[in-house]
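Take a look at this single chain in structure tokens; it is the form predicted alone.
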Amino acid sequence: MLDYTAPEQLLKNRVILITGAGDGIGRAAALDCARLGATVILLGRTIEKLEAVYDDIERAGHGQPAIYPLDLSTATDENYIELAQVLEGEFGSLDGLVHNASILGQRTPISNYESRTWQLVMQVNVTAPFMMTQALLPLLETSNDASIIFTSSSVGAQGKAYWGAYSVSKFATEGMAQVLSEETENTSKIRVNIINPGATRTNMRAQAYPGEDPGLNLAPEDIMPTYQYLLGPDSTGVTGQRFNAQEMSK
């Protein structure tokens, strides 16, 4: 796919929630969305990291973001209902939802995988995005042009040995996105797509490949064109698709 160059103020007047916004790809997406005019809701479990991103956005002179602390590993239906109520009260609608937060779990054979870790990975990577999306759908439906982005992986399309729950969770993520895209395509103005970030210089990548030279991978900022395209109006009508972010990066 060709490179995408975002127009200035591409996301002006849009409200976009990003999970895992405290570092890595989530942080880069938050800063980039704010640069392009969006009001960004920074969601994550570590307040200090969210506050640092908040300060970076304000220091750059962009619109004031919002912070919403939430631990996806323990969040309940009531927590997501409260999130929806708060966002409705503060913003009225929601134009973008970026499901970025994930955890790796163990890199070990299925035969050795700890069931507790398996359940935790599924909770954070699959169940939490499901519950959050379900709670926020009414707000997204009020938007004239809403975009939901689910984050997958190369091991979400082709399973590989020792990737365990992470790989399985990304297969489930892609299935959820496909189902939701068909359900919303003809009933709303919501589009649902999947991004595979590829090998990116993040803490999770370093955890998964401790012997790898991180300098060989793109920085999170380098893969933002795909996010820009899918969150902005240029992708209106594009739904149910899987994008490899590094094919759109410069």
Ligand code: NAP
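Every value quoted in this text rests on a predicted model; they were computed, and no experiment measured them. Just count from 1 along the sequence shown to find any residue number.
Below, we refer to the form predicted together with the ligand, which is not included among the displayed structures.
Annotation: in the predicted complex, residues G96, T184 and T239 none come within 4.5 Å of the ligand through any heavy atom. For the residues I190, M204, L31, A66, the 4.5 Å heavy atom test against the ligand in the predicted complex is passed only by M204. Scanning T108, Q119, S73, Q134 against the ligand in the predicted complex with a 4.5 Å heavy atom cut-off leaves one residue, S73.
Within 4.5 Å of some heavy atom of the ligand in the predicted complex lies at least one heavy atom of G20. Among heavy atoms of S147, none comes within 4.5 Å of the ligand in the predicted complex.
Interface residue remark: L83 is not counted as part of the site for the ligand in the predicted complex, having no heavy atom within 4.5 Å. Though the partner is left out of this view, T39 does not reach within 4.5 Å of the ligand in the predicted complex, counting heavy atoms only.
Heavy atoms within 4.5 Å of the ligand in the predicted complex map, among the stretches 136 to 144, 111 to 119, 85 to 93, 165 to 173, onto 165 to 173 alone. Interface residues of 189 to 227, taken as those with a heavy atom within 4.5 Å of the ligand in the predicted complex (partner not displayed): N196, P197, G198, A199, T200, T202, N203, M204, R205, in sequence order.
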